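Okay, so here's just one chain, in structure tokens, the form predicted on its own.
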């Protein structure tokens, strides 16, 4: 086993996983806010934020789909050693990670069922940057409106139309993380 596989996890697992979980929860509960999340040093191309989210959210019972360049030996070995999460395809995953282009098409992922809407996938989208500008967000957890740089609008509008079914999204860049649950309404900047 390579040293890179063994390293890069939380150095203080109890404290760092609690902080990371709180950051993810805060991001999902308050769409459009950007959280700092650190503590993980995963292999490239995973960002520190994506690594911390995976360490916090995944275990042996959460199948993960690695899309595009994220599906490499280093990431597979690191994820297996630190979480035990089994690799899978897009149709069977609970989490998927990759760039926006690599994660398409969104129709490949489970959106839950009317009996079990919680069985939908969460996509962790690696982004070049995250800013609180761009698309306008409204809905639960947002007092009036918020803004977030999204890779596009139509996909998120179509996803919201499926509510209470649909996908949830976590966006990561470096040590920053934001989220977009399926309950969030997405419109163009400045439109309500």
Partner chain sequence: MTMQNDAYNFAYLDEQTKRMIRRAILKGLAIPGYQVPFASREMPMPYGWGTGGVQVSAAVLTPEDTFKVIDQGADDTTNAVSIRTFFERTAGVATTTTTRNATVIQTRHRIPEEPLTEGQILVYQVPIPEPLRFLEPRESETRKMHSLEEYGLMHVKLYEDIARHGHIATSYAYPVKVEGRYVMDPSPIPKFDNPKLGNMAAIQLFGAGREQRIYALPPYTQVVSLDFEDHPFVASKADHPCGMCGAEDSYLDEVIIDDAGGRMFVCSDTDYCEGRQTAGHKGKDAA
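Numbering follows the first chain given and starts at 1. Because the structure is predicted, anything quoted here is derived from the model rather than measured.
There is also a form predicted in complex with the partner chain; it is not shown, and the following applies to it.
Only one of the listed residues (68, 134, 164, 151) places a non-hydrogen atom within 4.5 angstroms of the partner chain in the model of the complex, and that residue is 164. Residue-level contacts in the model of the complex: of 56, 159, 48, 35, one residue has a heavy atom within 4.5 Å of the partner chain, and it is 56. Note on the interface: of 125-133, 151-159, 27-35, 40-48, the segment with non-hydrogen atoms within 4.5 angstroms of the partner chain in the model of the complex is 27-35. Among residues of the shown chain, residue 147 is not one whose heavy atoms approach the partner chain to within 4.5 Å in the model of the complex.
The closest heavy atom approach of residue 115 to the partner chain in the model of the complex falls within 4.5 Å. Of the heavy atoms in residue 182, some are within 4.5 Å of the partner chain in the model of the complex. Proximity of residue 17 to the partner chain in the model of the complex falls within the 4.5 Å heavy atom cutoff. Contacts to the partner chain in the model of the complex (heavy atom within 4.5 Å) from stretch 79-110: 81, 82, 94, 95.
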